[in-house]
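The data below hold one chain only, encoded as structure tokens and taken in the form predicted alone.
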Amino acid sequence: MLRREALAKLTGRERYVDDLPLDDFLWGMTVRSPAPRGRIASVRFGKDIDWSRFVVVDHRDIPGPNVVALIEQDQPVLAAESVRHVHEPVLLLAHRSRAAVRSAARAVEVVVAEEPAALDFRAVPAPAQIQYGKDNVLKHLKIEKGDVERALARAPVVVAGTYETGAQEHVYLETQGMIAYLEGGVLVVKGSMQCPYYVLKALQHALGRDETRVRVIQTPTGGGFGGKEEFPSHIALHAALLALKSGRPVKLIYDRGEDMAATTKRHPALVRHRTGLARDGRLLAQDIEVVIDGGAYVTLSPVVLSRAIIHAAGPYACDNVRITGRAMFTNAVPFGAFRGFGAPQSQFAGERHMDVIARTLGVDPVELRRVNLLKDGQTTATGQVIRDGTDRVAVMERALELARYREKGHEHAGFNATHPTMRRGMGLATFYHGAGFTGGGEAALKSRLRVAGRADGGVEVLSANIEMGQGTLTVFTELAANRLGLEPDDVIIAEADTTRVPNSGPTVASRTTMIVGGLVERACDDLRRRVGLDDASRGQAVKDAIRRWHREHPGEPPIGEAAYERPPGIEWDDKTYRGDAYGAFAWAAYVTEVEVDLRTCGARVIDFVAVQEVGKVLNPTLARGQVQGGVVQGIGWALMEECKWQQGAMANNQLTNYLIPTSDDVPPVRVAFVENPYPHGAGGAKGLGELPIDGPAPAVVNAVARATGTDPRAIPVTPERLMELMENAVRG
């Protein structure tokens, strides 16, 4: 099926939030804290500006509680008495002229009586820096299986290692943006977002409005990657407050510099491994500590930490596992959701550590993985029994074969021995990703979806799940059309408007196709039954029955409904972190080839093979694009995307010096799928969106290590870092 919105995007007809026409509207702007921590002493307004021409909003203008409702209610809509991070919102301004409001924002001085700030999540904070409970720990989680200390004491070999991953900026094509206006007594907020019902909840809570007086509409969204999961609630509230005070429509659009400076990023992480092994490489014990930087407020850090520790042990069998996780408060700009949600950080460490183990034992990294990859009947770190029938060794072998791993290893030996300035190497990563919310999360969401029959005999899918470039419109259309035997043009996907669509959950966590797509199928079945047909009826019979219903029930369309039902046999204990963490895992093996220039210490990926088992592939073009996009994002995180920090805020917040991969940095990305349909996923599909970001960084860094003989344990491996590693290797 062709991508449903492709022509609109290619021709420029698609209307993003900044393209929407507004009459007599104001431009909004945010005034932010200049300091990472302290008491707000005063707010000074420049004398050269006529402030009577501006709308000015502060915390006193918030009708309800001054808090952005999320997991914890700790983050204010606007800072009132103190600030916890640089760029924390303090004041809002609006004016007819965008240039005027920008100048005015620069003319406001927020005076902060500064206090000692905690800026390094890896360090034990000094007493003066402790602000949020004991040692600034915002969340502590633990997984235990077997007797780790006893197994380590008896292990013939113990290998330890510490690994670090840096923050990563989302760099979605479209920056954050919202518009807000009053329509009668109803506040309407439109904008770029992944989770309309998150925004609705935040608006209702802070503005003291019930659901009849707030309407949230997702506009076409130019990329999200998690950056438009929780953060849009903030900008929606800011635009809404300005609209309520002024009584006029307000448009609040971040430019790239503000977007990069003030919004969330991937959590930096520190991961320590201590691994006990038999001499043949079999894992006997894994003792893992995962520490992430949460920044100044909780945001989604507990959930990110959860997924990080669940994936930290990798796709391997081990009888004795202990994983502890801590998310730390610092006075950094808060970190939040990013594709992979903690799993890329912990799996980078785990897969890099596997190669360190292989080198320590003197065994082939491939054979080390072959010995340890999970087989059906074995259990993960949480005790989940794997029974999906996937041959994980076969997935790895397919990747090695496509990459010509063994042949190229011999070729590289000759190349590296003879070339004066270049070195080449191959790297491997085997990994997995759980699809959907962790544990009982999906059951708690209680996602619902409707499919309505239209008067012309076609159908409309009503869902809160959104299109942000990943293909939701196309996949939902395909699922509904296939289920009912209709043509794609007979299917419409409703605009994600909270007054029309039920809460089918957020567009996150690799859940949209597998879980919500399953609701599409079941709602189609329910619609068919409501119009008096059996499950075998398809095509013209469905259209005729829907038309007949409309004739017999004018103004009352037939509606099929579905609600989430937990697959059988899924059990999870959130207190002990034991049991079935996910309904399904997707599995993958990535192999990469790099070339390192000894003169510049720059590493370049020259070939990439990505093989994954994601159940049934519903749309090969979209699936391949998801994998290729994740690989490019992972290459950037591994080699070049470095956030430079100043007082806990991004200092290089522009694309001139925050480097992302260009077409010149991207190798051929060869994608292959091993299909093993999942019985509880839509059309047999598992989640795919996040899996491809988990494997590229360790595969690339393992290849750099092989090419140079160095031992990189932190990313990004920039030329500066690689130069230092190579100099250290030469010295000894």
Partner chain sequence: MNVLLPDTLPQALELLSQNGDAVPMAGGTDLMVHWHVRPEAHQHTFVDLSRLEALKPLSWTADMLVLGGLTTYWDVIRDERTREEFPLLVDAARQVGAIQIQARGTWAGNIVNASPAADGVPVLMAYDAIVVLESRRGREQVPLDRFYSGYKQMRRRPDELIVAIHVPRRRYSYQVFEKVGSRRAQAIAKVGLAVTRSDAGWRVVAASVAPTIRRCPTVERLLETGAAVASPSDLLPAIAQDVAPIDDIRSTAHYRTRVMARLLYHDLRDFWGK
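On a predicted model such as this, the values are computed, not experimentally measured, just so you know. Numbering follows the first chain given and starts at 1.
One more form of this protein exists, namely the form predicted together with its partner chain; it is left out here, but the text below deals with it.
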Contact with its partner chain in the predicted complex, heavy atom within 4.5 Å, among Ala278, Ala651, Ala563, Ala160 goes to Ala651
Exactly one of Lys644, Arg122, Arg213, Lys142 has a non-hydrogen atom within 4.5 Å of its partner chain in the predicted complex; which residue is it? Lys644
Which one, 343-351, 176-184, 419-427, 373-381, holds residues whose non-hydrogen atoms are within 4.5 Å of its partner chain in the predicted complex? 419-427
Proximity of Arg599 to its partner chain in the predicted complex, heavy atoms at 4.5 Å: yes
Asp74: touches its partner chain in the predicted complex, heavy atom cutoff 4.5 angstroms: no
Using a 4.5 angstroms cut-off on non-hydrogen atoms, would Asp61 count as touching its partner chain in the predicted complex? no
Asp50 within 4.5 Å of its partner chain in the predicted complex, heavy atoms: no
Partner contacts for 714-730, taking its partner chain in the predicted complex and a 4.5 Å heavy atom cut-off: Pro719, Glu720, Met723, Glu727
